[in-house]
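In the form predicted on its own, a lone chain appears below as structure tokens.
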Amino acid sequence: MSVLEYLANGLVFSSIIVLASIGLSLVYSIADFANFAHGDTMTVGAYSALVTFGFVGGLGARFLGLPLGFFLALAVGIAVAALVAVITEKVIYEPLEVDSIGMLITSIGVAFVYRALIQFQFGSDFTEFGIQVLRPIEALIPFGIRMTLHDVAIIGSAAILVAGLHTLLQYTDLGRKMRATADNPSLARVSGIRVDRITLWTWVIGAGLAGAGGVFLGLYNQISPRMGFNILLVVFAAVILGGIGSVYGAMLGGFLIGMINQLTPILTDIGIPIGIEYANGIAFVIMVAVLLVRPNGIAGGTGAGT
């Protein structure tokens, strides 16, 4: 593979990691704990979209090699992931009177429950959307890039979602209240902001983005009950690299970690025997190094709006 093809793969994978990282960082900035069920929330979104696609897969014309039914399934995946996260917040997290460590441990249990329910319903085998595999885009092949229209759809959809979140955070009343609540919940409360409502919206947006990331991960690879759990370490590495609690830091960290992950085979090409199977291990090394050298990450983790 050429370097350009590695970079193209990195761009697609980074788009998925960015969506997952933003969601994890958003929830941390408001709820103040590392939600270990975030990866399995991605899985919930992927399986919800898979079921929906089974009903509407052939619906409508094709766009970027995907039937319009896929985008409807994507919307359902986002909605179900958000709904499941909100129910979990209201039923499990909110009534608990424990510190952030207690919440973290609880979220691990929640992740196991999500995964067990999915595995009970769908089994443990890999599956996929059943969308026809496309040939690489002919115009890019002379440059050594084998990218399909599906890859373009993932990158474009992720860019639209990220731009929408940026617009929400910077130019809407809800976004301003989310940033204020992330910076100082007590001050936000005495200023008249309904913190409980803002927290709920944060769960909706964070889990919704995770659901979208799960759907795209299923389109990029395959769908399985452990898909979200398997990628969780990479997502945490991205959030910590960017600065946990910072949305824009999560975007940058997700982009960098995703690129590093997919560029790992280059090491083998230049004589260093570290293949793609060690990519998650490299993400872990980066995460530990950042925690040792710069615990606040690149962006410093100063709030949802920074």
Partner chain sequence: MSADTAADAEEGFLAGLTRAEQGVLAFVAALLAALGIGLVTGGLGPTYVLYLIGLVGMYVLLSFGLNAQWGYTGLINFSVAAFFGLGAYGTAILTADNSPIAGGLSPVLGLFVGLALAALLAVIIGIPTLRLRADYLAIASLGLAEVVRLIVLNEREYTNGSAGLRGIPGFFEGWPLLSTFPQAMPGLRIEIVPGSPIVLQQPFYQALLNVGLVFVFVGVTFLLLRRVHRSPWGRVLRTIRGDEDLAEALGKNTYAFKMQSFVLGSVIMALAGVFYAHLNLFVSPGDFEPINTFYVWIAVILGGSGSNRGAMFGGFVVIAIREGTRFLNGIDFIAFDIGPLRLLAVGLIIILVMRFRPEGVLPPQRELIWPSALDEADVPGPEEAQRPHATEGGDAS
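Residue numbers count along the first chain shown, from 1. Since we're looking at a predicted model, the values are computed, not measured.
Separately, the form predicted in complex with the partner chain exists; it is not shown, and the next lines address it.
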Query raised in the report: Given that the partner is absent here, does L64 sit within 4.5 Å of the partner chain in the predicted bound form, heavy atoms only?
Result: no
Query raised in the report: With the cut-off set at 4.5 Å between non-hydrogen atoms, does P265 touch the partner chain in the predicted bound form?
Result: no
Query raised in the report: Should F120 be classed as touching the partner chain in the predicted bound form when contacts are defined as heavy atoms within 4.5 Å?
Result: yes
Report task. Indicate whether F70 is a 4.5 Å heavy atom neighbour of the partner chain in the predicted bound form. Result -> no
Report summary line: Here the chain appears without its partner; judged in the predicted bound form, the stretch of 157-165, 172-180, 103-111, 208-216 with heavy atoms within 4.5 Å of the partner chain is 103-111
**Report entry** Joint contact, L50, L140 and I260 to the partner chain in the predicted bound form, by non-hydrogen atom at 4.5 Å
**Finding:** no
Query raised in the report: Which residue among I240, A46, A37, L26 has a heavy atom within 4.5 angstroms of the partner chain in the predicted bound form?
Result: I240
Requested in this report: State the residue from L233, L134, L187, L83 whose non-hydrogen atoms include one within 4.5 Å of the partner chain in the predicted bound form.
Outcome: L233
Report task. Select from 210-225 the residues with a non-hydrogen atom within 4.5 Å of the partner chain in the predicted bound form and write them out in sequence order. Result -> none
